[in-house]
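To begin, one chain is listed below as structure tokens, in the form predicted on its own.
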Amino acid sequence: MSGKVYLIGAGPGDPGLLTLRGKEILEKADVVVYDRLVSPAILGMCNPKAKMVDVGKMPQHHKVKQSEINKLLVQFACEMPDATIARLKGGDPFVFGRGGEEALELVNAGVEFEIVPGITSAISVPAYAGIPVSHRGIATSFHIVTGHEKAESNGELSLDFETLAKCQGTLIFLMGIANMDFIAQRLVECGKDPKTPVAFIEKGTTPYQRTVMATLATAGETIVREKVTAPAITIMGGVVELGKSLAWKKNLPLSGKRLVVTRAAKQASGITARLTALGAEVIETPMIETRTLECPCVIPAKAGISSAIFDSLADFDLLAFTSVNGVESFFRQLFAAGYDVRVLAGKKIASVGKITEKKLLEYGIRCDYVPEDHTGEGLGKLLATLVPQSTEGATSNPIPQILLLQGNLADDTLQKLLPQATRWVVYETLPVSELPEWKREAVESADAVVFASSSAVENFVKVMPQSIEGSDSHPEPRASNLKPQTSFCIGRLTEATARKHGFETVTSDETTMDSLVKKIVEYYS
């Protein structure tokens, strides 16, 4: 009757290297017990309702001892019948990940478990640095060695240095940067060529990956001079030289950048995929959530609207959509009420911009009107040209009946420009009230934040108050306090709101994701 534990390898850091099986389990997990090296982007894939337990361990500072982690997994399984407990570990659970110890503890307690392998850093990190661990004519084998495990008898590294020194294949040391000077000296003493190429790869597969080259003879002094720190792996052998020609990740335009995307979760995947392909690490941090109303709400309430509200569509000549959310919610309501797109036959369709226009096309609807200025004001001014400015000639040119499809937080810009229009509120926007600690830390360490709406900016300010608000003596926000300071914005209104709160802003030329991504790449070029 106990819960089931899944020992999942999260891979080396890049969220794209998490296995499909691992992602599937994280999305339904009731509890996630995770390590320090697990990427924030992978944590973002977890079930938002899951209990998140940080047992991360730092060198020389074990946040939670391994024995306690073992007991914790058993405890969760026994206390939560039928629950899915995910034990999320960096790399692969069985490659120096102590997954075997955790599995044995589960066996002894009679707890059901499953192993979900992960991509080990031993082969993936060198690959991201352009170093193949094996290569014809250079290395026909590779050997993975722990660099920090010490013998209990004398406290020295439990390594067979004489055998390692004779090895003709690639040597891969996981962990152990603090011991690498000693390891290099012992290998040389045991006969390994001091000119053997060595590479230290820090934070492999993440935006902060760095490769430092040395030789066996200069390994120790290079670590000190270049300030090489954990997490890092060490590669020894002739294949290291190939990294000078094959390094590819560092050439991506957004390599080394962590960007926060604040779009609603269901809309973020598109820009996330584009930014990730360009080398960035993306932290999806939606600031708002949208919920389709069961039925459109008419504002202001008007006489003559049928109780079967979609029957009243016949009264309108033009439907104006002001957002992607408005499009999705309108059609969701329309279909749920038993109608389909045929009720729109003969009606003119207007969109606030290209993104909304594209979404309409997915439903088979082509737009008749799209303003050059992709804002509510631009749309209002365009549609106002269709309305006679006086009652003269109204018989020959009847006033078109306009229906605005909007959210509950839409401002009154459109209705001021189109006072005769009817507004249907088809969805409501709900702000995110708080961020978990792990995500807050990830956001504060980011290089920039991406905003697609003013409401996202406003809510970001609320959930990250210590990063943006000024002090009592300086009540106005100060750019020097922002974490991150830089923002990329879609639209002038979003830009104005970001500037109001002290952000440095970079705004796309057009209100499209393509334009925004192009602007981000140009900024970091």
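Residues carry their position along the shown sequence, with the first being 1. From a predicted model like this one, the values you see are computed outputs, not experimental measurements.
The same protein also has a form predicted together with a small molecule, omitted here; what follows describes it.
**Q** Any idea which of 345 to 353, 409 to 417, 200 to 208, 235 to 243 reaches within 4.5 Å of the small molecule in the predicted complex, heavy atoms considered?
**A** Only one stretch passes the 4.5 Å heavy-atom test: 200 to 208.
**Q** Since the partner isn't included here, can you check whether the small molecule sits close to all of G90, S121 and V125 in the predicted complex (heavy atom within 4.5 Å for each)?
**A** Yes.
**Q** Considering the small molecule in the predicted complex, which of L37, V463, M45, M52 comes within 4.5 Å of it through any heavy atom?
**A** Of the listed residues, the single hit is L37.
**Q** Would you kindly say which of M175, A165, V432, M80 lies with a heavy atom within 4.5 Å of the small molecule in the predicted complex?
**A** If I apply the 4.5 Å criterion carefully, the residue I get is M175.
**Q** Does F96 make contact with the small molecule in the predicted complex, using a 4.5 Å heavy atom cut-off?
**A** Contact with the small molecule, yes.
**Q** How about P231 - does it come within 4.5 Å of the small molecule in the predicted complex, if we only consider non-hydrogen atoms?
**A** It does: once the small molecule is placed as it appears in the predicted complex, P231 has a heavy atom within 4.5 Å of it.
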